[in-house]
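This document starts with one chain, in the form predicted on its own, laid out as structure tokens.
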Amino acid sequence: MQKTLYITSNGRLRRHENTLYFESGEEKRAVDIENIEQIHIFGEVDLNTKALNYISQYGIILHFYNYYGFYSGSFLPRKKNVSGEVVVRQALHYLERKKRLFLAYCFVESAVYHMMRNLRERKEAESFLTAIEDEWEKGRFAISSVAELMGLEGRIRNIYYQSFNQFLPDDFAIEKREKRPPTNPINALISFGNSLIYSHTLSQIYQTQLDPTISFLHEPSEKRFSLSLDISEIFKPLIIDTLIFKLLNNHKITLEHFDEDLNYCYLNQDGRKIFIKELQTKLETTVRHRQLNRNVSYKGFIKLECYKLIKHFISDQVYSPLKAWW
């Protein structure tokens, strides 16, 4: 499995001959560039075109995060795995209303399934689980547009987040979901995790023939890879939320791992390191796949969703979103 490199300290990425180094103060270490798939940069890191060109040769994606640890952008090397036919068919599924709505529904259906899966494990959240089930069954058969679907998904997610108050420590109570900016620790933690799953999903899309800018649930627009937002909906409750529950209920992350700025709350460097370590462990955890009859990592399941979409676009197999069975 190709590795992921996270850089949380300040420094410089520099190429010297045929080696890439990360230099931070007196420390200088070589990067195992042949076995790296993606690099996530949280610190203030300098790099020049010489280093970028070298990184591009290996098809390594760079993801950048701002001072507060939230996603800023990505550097994608020239894509080698391309197919005009797949992109055209992907675009046609966006342009045809019914086809787009079908895919958008699949993403939300999977997300809701995984939200309910998380709550089924917690008796104290039983009433919230019932409320979500009622909202979903009442609303899903009346949907006639993507906008209505997103409205339903938003109402369900509000109920879901309110359920967190039943089983997370009191220090991490949530009144409502705040994104720009998060003003309390629980919202900061959710935003940080969602940023990471978005960039990890983008890395997996990049390795396939899909165009990351053509999406179905989220409206395609300039300056963002909206297909990554679509596919991330499946994995936010499955990977990020379960990770947050584990970290907070086991007191691995506490209030001391957060800093506050003017109307801004964010994970500090120690908190980010803890979260990243646990996330990487989760992404590398494998599950026996029932149809493939082999072990697949959580990261591998993200790529499998991409391949399933390609099969759907070329009319090989109707897309069926992941619903975790384990």
Partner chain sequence: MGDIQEFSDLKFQGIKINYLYICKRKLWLFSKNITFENRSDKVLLGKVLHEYSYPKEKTKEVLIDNLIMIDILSDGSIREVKYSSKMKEADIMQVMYYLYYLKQKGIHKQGIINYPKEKRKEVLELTPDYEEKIQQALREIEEITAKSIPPPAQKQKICKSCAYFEFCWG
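Just so you know, these numbers come straight off a predicted model, no measurement behind them. Positions refer to the first chain, counted from 1.
Below, we refer to the form predicted together with its partner chain, which is not included among the displayed structures.
For the marked spot (85, 294 and 310), a heavy atom within 4.5 Å of its partner chain in the predicted complex is present in each of the three residues.
The shortest heavy atom separation between residue 145 and its partner chain in the predicted complex exceeds 4.5 Å.
Taking the partner from elsewhere, residue 93 is found to have every heavy atom lying beyond 4.5 Å of its partner chain in the predicted complex. In the predicted complex, its partner chain sits beyond 4.5 Å of every heavy atom of residue 52. Its partner chain is not shown here, but in the predicted complex it comes within 4.5 Å of a heavy atom of residue 34. Residue heavy atoms within 4.5 Å of its partner chain in the predicted complex occur in exactly one stretch of 41 to 49, 267 to 275, 64 to 72, 283 to 291, and that stretch is 283 to 291. Out of the listed residues 89, 99, 224, 155, 89 is the one that sits within 4.5 Å of its partner chain in the predicted complex by at least one heavy atom. Residues of 51 to 66 lying near its partner chain in the predicted complex, listed in sequence order, are 58, 59, 60, the criterion being any heavy atom within 4.5 Å.
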